[in-house]
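Next up is one chain by itself, shown in structure tokens, the form predicted on its own.
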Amino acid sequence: MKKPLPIVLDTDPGVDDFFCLAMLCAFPEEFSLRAVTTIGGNNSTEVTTKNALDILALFGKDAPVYPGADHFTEEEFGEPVVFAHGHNGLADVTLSASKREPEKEKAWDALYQIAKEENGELVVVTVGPQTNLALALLKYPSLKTKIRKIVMMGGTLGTGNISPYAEANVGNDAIASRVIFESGIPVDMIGLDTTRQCKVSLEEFEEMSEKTDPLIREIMRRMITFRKGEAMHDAAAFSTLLDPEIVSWKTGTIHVETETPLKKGRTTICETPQGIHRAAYEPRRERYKEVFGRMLERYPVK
């Protein structure tokens, strides 16, 4: 029997983070969620930490949540991204409060301890700015030998969303992202140019979710409506762990621009068969919809 893949999810919930957590929690036979680590970006770290706890409670998953950094490597967080995530980070949908409290240990310390326990098998999925992971690698240099791979929603091989060149998760802390790509850990980068093509329309969702728990269905419906049909980028990135053929891959070495102000956060790949990085491209939307539908089936009407 296949052993579930041990996962730490580094996240900043976040509407699309909500769908990422939904997908992660839906497949316990595939994934063992060791912890969630939180970072600000879409909102403050205090808010994203509460959101992570409440989302886990909604999906019936009892996992520890470790708060991370409350600022980027060189800059403070910006204002909450209200247009994309609402004032509370969750499209202004109020979830029932979790009975669990955040852990006292910081995200980077917990990440190192979990990686040690998993003996090189841990996969880190990062769907927010990579500040926490960079801090962990800088504090614990041996961590790079203890992580199997990193799956990243971030970067882009096309145009960005905070500049013509940069996607937000990489562009908001390009220095942290550069630490990740230069660490020697294999990285799967599923960038904005790919995830933005993985849309599930409200009409498609309504059809796929007819047998989904009414509360979960209504929350998801409100979030999809709030985003006006925009792709749930983090869920699309995570789906590649369930079906790697949802996308095609370019293999090589990914570079993050940190020096040129105009192009700060730009991600480019130098293709080579020996590279330890992969960049996604050419998503297969029907395969993504199939995974999304399977996720909805895992939350049936009670």
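Just so it is clear, the model here is predicted, and its values are computed rather than measured. Residue positions are given as counts along the sequence shown, with the first one as 1.
Below: the form predicted in complex with ligand RIB, not depicted.
Ligand RIB in the predicted complex comes within 4.5 Å of no heavy atom belonging to L111. When contacts are judged by a 4.5 Å heavy atom cut-off, N42 counts as touching ligand RIB in the predicted complex. Using a 4.5 angstroms limit between non-hydrogen atoms, D173 is distant from ligand RIB in the predicted complex.
For L192, a non-hydrogen atom is located within 4.5 Å of ligand RIB in the predicted complex, even though that partner is not displayed. The stretch from 63 to 71, 265 to 273, 46 to 54, 233 to 241 that comes within 4.5 Å of ligand RIB in the predicted complex, counting heavy atoms only, is 233 to 241. Distance criterion of 4.5 Å from any heavy atom to ligand RIB in the predicted complex singles out A168 from the list M223, A168, L122, V187. Looking at 70 to 89, the one residue that comes within 4.5 Å of ligand RIB in the predicted complex, counting any heavy atom, is H85.
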